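Just so you know, structure 1 and structure 2 below are the same protein chain in two forms, each on its own as structure tokens.
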Structure 1
Amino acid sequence: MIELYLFLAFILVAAIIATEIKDLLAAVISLGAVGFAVAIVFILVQAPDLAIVQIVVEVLTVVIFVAVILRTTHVDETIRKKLSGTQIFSIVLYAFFAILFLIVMFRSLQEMPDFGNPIMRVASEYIKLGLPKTGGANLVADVILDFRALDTLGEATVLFTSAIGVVALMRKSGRKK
């Protein structure tokens, strides 16, 4: 369980670096590290299907960001102004919700069982009920399409949305020169 906390700390540090660094290419690399660490966290919490989707989306995102940065500028040239009252309130509100999130996450992670000891054992139910409930001959397809159809739909939606984002970013028509 300690490795999970280490990866979560790494994610927070890499995310802060990605938002604060001036070199955009380094920021993208840091953001990619966040995404791949999230994929490893998914593996640690026994969600390999989410890890695969995360890796695919992360690879596409990093490649697109690097391509855009290499065609434009490498340095963030925005000028940082003094913080206004609204911005300070936003930062305080963000910090409050971040701390609240970390507290809830820490408590939730304490309730998780050790690796290999899942809370629910559903595989035996899938095997026992697969053929009678679905009538399909392929148990893997039955589980994916019947028992876990909403998960599969969600994963397909993430991939489709990523592909649409790639098309929108890479299109040439409608771009101002």
Structure 2
Amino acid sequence: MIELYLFLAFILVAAIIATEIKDLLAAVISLGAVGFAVAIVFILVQAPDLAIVQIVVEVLTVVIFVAVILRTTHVDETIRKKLSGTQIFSIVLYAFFAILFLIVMFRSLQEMPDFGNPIMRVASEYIKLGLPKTGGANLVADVILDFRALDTLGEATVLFTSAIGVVALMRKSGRKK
């Protein structure tokens, strides 16, 4: 599993670059690097469905980000400025809560099953009954469209809502100056 660790380290480095670099276009490209590395990790943990979706979605995410940046500005002017009082306060607050969060995380990861040995109490039923009950060979499709189809309906509603939001915010007519 050495390649998994290498890709996870790559993700962390690219994420730090994405948050800290001055040029916003370079930050978005680093974000794309993170997304594609996530897609490769999905392949390594045997999730080809997720890898396909992640690659295509990542392309569209980078396209939308770049479209926004090209229309506006691509220099992050805030990064070299002196820190203001609120910013120092928020950094201190962030550090405090991050340490608290890490302590809670280490406690709770002790309780979790080890990496590579999931419990799969519900999933074993789904794997056993997936083909006889639904007839579909792809168990992920069986879960999202048969066993848990209401969940998918809800997600489709969320997508519809966000599309309406974008169209309404970007419309030209009917706006007051």
Partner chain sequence: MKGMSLIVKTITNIVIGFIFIYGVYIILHGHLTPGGGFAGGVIIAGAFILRFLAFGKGAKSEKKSSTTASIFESIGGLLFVGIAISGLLLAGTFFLNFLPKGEPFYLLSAGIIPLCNIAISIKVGAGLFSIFLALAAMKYVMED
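Reference numbering: structure 1, starting with residue 1. Whichever C-alpha set is largest while still superposing within 1.5 Å between the two forms counts as the rigid core. Everything numeric in this text was worked out from a predicted model, so none of it was measured.
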Form selected (criterion: the form predicted together with the partner chain): 2
Is the C-alpha displacement of V68 equal to or greater than 2 Å between structures 1 and 2 once the rigid core has been superposed? no
Superposing on the rigid core, I want to see if I52 changes position between structures 1 and 2 - specifically a Cα shift of 2 Å or more. no
Given a core-based superposition, decide whether the C-alpha of V143 shifts by 2 Å or more between structures 1 and 2. yes
Distance moved by the I91 C-alpha between structures 1 and 2 (core-aligned, Å): 5.8
What does the CA of T134 shift by between structures 1 and 2 after fitting on the core? Give it in Å to one decimal. 3.8
